[in-house]
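Coming up is one lone chain in structure tokens, specifically the form predicted alone.
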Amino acid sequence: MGSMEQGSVSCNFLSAKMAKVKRVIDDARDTQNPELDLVDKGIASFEEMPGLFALANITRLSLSHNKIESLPPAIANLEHLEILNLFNNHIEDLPTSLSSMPNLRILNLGMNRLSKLPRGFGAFPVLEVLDLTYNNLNERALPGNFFMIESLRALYLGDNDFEFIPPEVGMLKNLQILVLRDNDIILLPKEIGDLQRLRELHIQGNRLLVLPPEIGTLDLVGSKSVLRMENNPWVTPIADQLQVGVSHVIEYIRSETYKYLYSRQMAAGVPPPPPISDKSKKISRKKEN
């Protein structure tokens, strides 16, 4: 097949794909449907979704499993949007306008290619669930106001590149779920103990030797609570208690014996163990040829 023919075939394929997408958008407009589902449609850009930003009344937009690389500032025009799902795309950059969306409650940006977040990202007025799982984020990627999203109830930062969690995490007073699994975290801040509503803490698969004793003040062993902490190079007393059960760990870190051990460990400045896994092969790092 000649290159001109190939070009016309791919052009026809693109126009057929866009026609399908346009039909979904037109249908939503005609029926005043507030929920728009464009999952797994091969979409690479918002330009392939003509008329989307004219749908002023939509409250839910699902664009997961596409190939979108960037999010235009005009996304903020959808001011009634409550749920935005962009899971599993190729997004590298976000517009600063995103955090001004007045009704956005749930934002899923998991499995993208984010290595930084825009300035002012913490300005979301009503955001409750933020999923940033499986990106390339670390503590240097977070803007200064990141932990000022007071409405946040669930924060998912698993499968990123964090070595430290900033102490400002303690400002998220309404947080109930904090997922930090499978990073490179060396030390948790004592301010996690300020999160008195926290019921789920996932810290498995990191480089943690000790836990701040303040975590012992949280209700992480009730029937509705979850504490996952396996696959860390814990100091022997914590590792021993963990073999018996998580509730025994919490009981132990509340003890004076442990508080003494913890202060000794901090004063000694024990070097952290090496990273557990090579993350250069992560899907979030891959570039399309």
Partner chain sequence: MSSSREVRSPPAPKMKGLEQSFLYQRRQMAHAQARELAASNARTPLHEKDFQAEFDKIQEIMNEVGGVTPLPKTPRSFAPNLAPPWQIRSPQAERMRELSMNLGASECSRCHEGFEPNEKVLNSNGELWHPQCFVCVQCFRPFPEGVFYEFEGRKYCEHDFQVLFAPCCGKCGEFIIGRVIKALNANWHPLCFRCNMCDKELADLGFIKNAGRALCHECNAHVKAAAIGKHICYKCKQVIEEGLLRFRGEVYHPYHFNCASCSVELNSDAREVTTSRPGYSANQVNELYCLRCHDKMGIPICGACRRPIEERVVTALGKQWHVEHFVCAKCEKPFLGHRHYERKGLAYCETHYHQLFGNLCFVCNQVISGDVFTCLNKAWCADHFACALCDTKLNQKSKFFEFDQKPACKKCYEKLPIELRRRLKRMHEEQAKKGSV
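Numbering follows the first chain given and starts at 1. In this text the structure is predicted, and so the values were computed from the model without any measurement.
What follows is about the form predicted in complex with its partner chain, which we do not show.
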> Any idea which of 22-30, 58-66, 44-52, 259-267 reaches within 4.5 Å of its partner chain in the predicted bound form, heavy atoms considered?
Replying inline: 58-66
> For this chain shown on its own, do Glu35, Phe87 and Asp131 all sit within 4.5 Å of its partner chain in the predicted bound form, going by heavy atoms?
Replying inline: yes
>> Please identify the residue among Ala141, Ile83, Ile186, Ala123 with any heavy atom within 4.5 Å of its partner chain in the predicted bound form.
In response: Ile83
> Pick from Thr217, Gln204, Thr96, Ser115: which residue has any heavy atom within 4.5 angstroms of its partner chain in the predicted bound form?
Replying inline: Gln204
>> Can you tell me if Ser225 lies within 4.5 angstroms of its partner chain in the predicted bound form, counting non-hydrogen atoms only?
In response: yes
> Hey, in the predicted bound form, does Leu242 get a heavy atom within 4.5 angstroms of its partner chain?
Replying inline: yes
> Could you tell me if Ser70 has a non-hydrogen atom within 4.5 Å of its partner chain in the predicted bound form?
Replying inline: no
> Counting only non-hydrogen atoms and a 4.5 angstroms cut-off, does Val39 reach its partner chain in the predicted bound form?
Replying inline: yes
> What residues, if any, in 156-176 have a non-hydrogen atom within 4.5 angstroms of its partner chain in the predicted bound form?
Replying inline: Tyr156, Asp159, Gln176
